[in-house]
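Starting off, we have a lone chain in the form predicted on its own, written out as structure tokens.
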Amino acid sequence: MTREEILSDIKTRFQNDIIDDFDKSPARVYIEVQPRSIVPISRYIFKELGARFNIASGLDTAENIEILYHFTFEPINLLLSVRVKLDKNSPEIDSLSGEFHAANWIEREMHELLGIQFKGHPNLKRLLLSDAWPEGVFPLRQDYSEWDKKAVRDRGVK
């Protein structure tokens, strides 16, 4: 399929789930979807269209917690990022770990660092933070404040 055929197919098939799209460049497109639609849309992109799931990234913005799921169509050099915006006070979304294994660890990281609840994830245990890190404290949230008064977090930079 060509770039235009892929984008047209996704927009037609999921027209009621897509909130917005942004065609940034010939190699980069963003689509924002309803959070409830992330599993069927991602499944379609991965399994039916044959894209590779690269990674997902989470971000605490002023209004939401955002997740960008990045898919690559290597033969046509297209990176498609699927954006969802979650309620900042209760960020939760269905897990993609049942669709493709590559989602497992990145969902654990986003759960740990941003407090996102991935419904249906089989194992949301810690991956990066120490066992001493307090529950409910998320280091990538904008409202994070240092909880360990003895910690030195200058990364060696003076």
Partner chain sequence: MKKTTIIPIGPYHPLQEEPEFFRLKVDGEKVIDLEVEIGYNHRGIEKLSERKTFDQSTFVIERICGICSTSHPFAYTRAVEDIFPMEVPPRAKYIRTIIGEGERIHSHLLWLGLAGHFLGYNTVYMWVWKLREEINDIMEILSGNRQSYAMFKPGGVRRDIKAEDFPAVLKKLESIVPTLTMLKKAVESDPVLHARTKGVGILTYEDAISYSALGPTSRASGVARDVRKDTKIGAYADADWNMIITKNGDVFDKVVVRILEMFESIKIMKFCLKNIPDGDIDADITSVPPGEGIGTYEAPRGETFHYVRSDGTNSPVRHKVRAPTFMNLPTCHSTVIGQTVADASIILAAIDPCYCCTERMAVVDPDGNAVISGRELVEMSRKKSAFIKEQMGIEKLPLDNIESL
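What you see is a predicted model; the values in this text were computed from it and never measured. Positions refer to the first chain, counted from 1.
The discussion below concerns the form predicted together with the partner chain, not included here.
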For this session: Considering only heavy atoms, tell me if Leu86 and the partner chain come within 4.5 Å of each other in the predicted bound form.
Result: no
Exercise. Is Tyr44 close enough to the partner chain in the predicted bound form to count, meaning some heavy atom within 4.5 Å?
Worked result: no
Problem set entry | Asn54, heavy atom within 4.5 angstroms of the partner chain in the predicted bound form | yes
Problem set entry | Contact of Arg13 with the partner chain in the predicted bound form (heavy atom, 4.5 Å) | no
Exercise. With the partner absent here, would Thr2, Ile18 and Ile65 each sit within 4.5 Å of the partner chain in the predicted bound form, counting heavy atoms only?
Worked result: no
Problem set entry | Within 69-93, the residues that have a heavy atom no more than 4.5 Å from the partner chain in the predicted bound form | His70, Glu74, Asn77, Leu79, Ser81, Arg83
